[in-house]
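First, one chain by itself in structure tokens, the form predicted alone.
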């Protein structure tokens, strides 16, 4: 059998039969082969995609970033995963570097492997510190598929696996009155993404997050901000919450910390919250969390992402994207209706919920990887690598223009809603 045929067969019989069936049905049975910078190629047939999704920010620095690879290769001469029981030089360096880049007294880091694990840790700390149980999250938000993180998200991800956990409540993004109504004397924390990606990148108003911070302070409730996708320079500032002049009590980070090379996540705590580990510092562990190889990679990621010239580049590219997408909005008016944007965290807003899945498919056919927002299918997420160069933009816009034209033509012909609904579920 051909290499690709064999791979797909093995995947079908040993990983997921229905993912294979889905991708075959829609002519999207892409198998990742070579990948570099902003491009990924099929293992066999030469199909190329420009990655404008980056797996939610995993590939902020592009695929196989040479600086990250060189850092890991050098680290392999000295380190392995390490042992979570012992004090670690690289874990200490990475934690200090990260917290030095945080405002206020966000000075302690608990390492994990995934964003979901980091969210679980944040909720555990909040409940332990406040001695309260209730966690309030945003409808349509997303924090992962692990236990406590899963409880903060959509019912469709929870219900197939059992009953809902007690102590969790959701309210609508942007609705301050609903949040106030949900708060009670047993509320430990409010958790939300600074910019909710799976909800279609709605950009918070300048007052929204400040008001939430004030309400949390008035009610002795902790504020947890999930910056798994919006952090590390994605919005043109190192942390998205910097745009809003607030400091959360806990910050959840993941995806981009890996440099696309070594999985690592972090839960960053204000100094008083570290007290939950005083009576028993081994009450929470993560065998692979803060692996020493991962910590070395993370330090290089932070070095690159926090550099003023890097953030300046993100903002320059954001301006270029807005100019070009504004032109497409004129050309494709009535279909492409808006751009949600903070830096290079962008959402292409379209006329209805059929359009997002449809554009996902036509973009793929034109060599672009973009994915519709699962909880607002009118929006396609646009998360290009932050290392994208200006000279690469015309090619992207030419392909996107063709994809929009094809989607517009196909839209009236759709007989079944959501022609590619379910494509690439977001995982942490």
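Positions refer to the first chain, counted from 1. Everything numeric in this text was worked out from a predicted model, so none of it was measured.
In what follows, reference is made to the form predicted together with a small molecule, a form of this protein that is not presented.
Engineer: State yes or no: in the predicted complex, is some non-hydrogen atom of residue 348 no more than 4.5 angstroms from a non-hydrogen atom of the small molecule?
Structural biologist: Answer no; every heavy atom of residue 348 is more than 4.5 Å from the small molecule in the predicted complex.
Engineer: Does any part of residue 193 reach within 4.5 Å of the small molecule in the predicted complex? Heavy atoms only, please.
Structural biologist: Judged by the heavy-atom cut-off of 4.5 Å, residue 193 is in contact with the small molecule in the predicted complex.
Engineer: Report whether the minimum heavy atom distance between residue 234 and the small molecule in the predicted complex is within 4.5 Å.
Structural biologist: So residue 234 does not count as contacting the small molecule.
Engineer: Examine residue 259 and determine whether its closest non-hydrogen atom to the small molecule in the predicted complex is within 4.5 angstroms.
Structural biologist: Residue 259: no contact with the small molecule in the predicted complex.
Engineer: Taking the small molecule in the predicted complex as the reference, which of 289, 200, 153, 116 has a non-hydrogen atom within 4.5 Å?
Structural biologist: Checked against the cut-off, the match is 116.
Engineer: The chain here is shown without the small molecule. Which stretch in 299-307, 165-173, 220-228, 353-361 comes within 4.5 angstroms of it in the predicted complex, by heavy atom distance?
Structural biologist: Going by heavy atoms within 4.5 Å, the stretch is 220-228.
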